[in-house]
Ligand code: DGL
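Only one chain is given next, in structure tokens, and it is the form predicted alone.
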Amino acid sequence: MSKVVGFYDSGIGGLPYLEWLKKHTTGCSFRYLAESAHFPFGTKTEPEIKSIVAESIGRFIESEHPDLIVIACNTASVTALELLRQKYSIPFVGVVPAIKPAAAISRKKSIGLFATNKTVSQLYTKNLIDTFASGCTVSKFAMPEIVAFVEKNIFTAAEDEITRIITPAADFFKKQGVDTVILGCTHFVYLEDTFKKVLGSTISVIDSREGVGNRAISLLEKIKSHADDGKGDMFFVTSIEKMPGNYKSISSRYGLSFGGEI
């Protein structure tokens, strides 16, 4: 008996979130869907993102029958989460920038948000800031090209290459005098260790993994287990032809079997 937890992202960005939940739960199997056919999301229009996400999630539900889905993409969450909750009956957990915890730990009330263009500019993000960080200065920096770098190169890139690509963001946040930086794109979690080194010990770096994971756990506790389908943990893509990376080897890093296209 188990519960099936689905994860959805534009690519590999949601895998660290899946990894966190696997470590903190029992009695679950995991399905991951990478939106390879339409990667990346950050530069697309809001109607495009909503259409893409709703269609793919529909196929995902029909194929894998998840009990819960984590939309493990900040851009998709701030754009399409409300639509998904209206359209489908299963529970969804979104990943949004960790504005609230950042405001709580910031000593100088000066926060940096490192995300994609779409997440930085969304009204949803502004509302988060107004609600949870109204007493803080929030400096925003968008680098959508880093998403593609992570998707294609993160497991083969040299440390100096990673350092070079994140230096403009680090320099910006240092200049702004922030003491806390939010990784507001799930792909950016892969850069965490290097980013911390470049920023220095006086600046904290946080993301949403723990908050998202705990929310998923609280919802899963209310869901009844059912007969295991025997598939185990699987990784799927929306298009094999347009895969921007070696998803077979990447999925195996996280203990997932590659299931092909949905």
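So that there is no doubt, residue numbering starts at 1 and follows the sequence shown. A quick note: this is a predicted structure, and the numbers were derived from the prediction, not measured.
What follows is about the form predicted in complex with the named molecule, which we do not show.
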**Study point:** 4.5 angstroms heavy atom contact with the named molecule in the predicted complex for Phe60
**Key:** no
Review point. Though only this chain appears here, would Phe30 touch the named molecule in the predicted complex if you measure heavy atom gaps against 4.5 Å?
Key: no
Check your understanding: According to a 4.5 angstroms non-hydrogen atom cut-off, is Pro66 in contact with the named molecule in the predicted complex?
Key -> no
**Study point:** 4.5 angstroms heavy atom contact with the named molecule in the predicted complex for Ile99
**Key:** no
Point to revise | Which of 113-121, 79-87, 169-177, 128-136 sits within 4.5 Å of the named molecule in the predicted complex, heavy atom basis | key: 113-121
Review point. Considering only 31-54, what residues come within 4.5 Å of the named molecule in the predicted complex, judged by heavy atoms?
Key: Phe39, Pro40, Phe41, Gly42
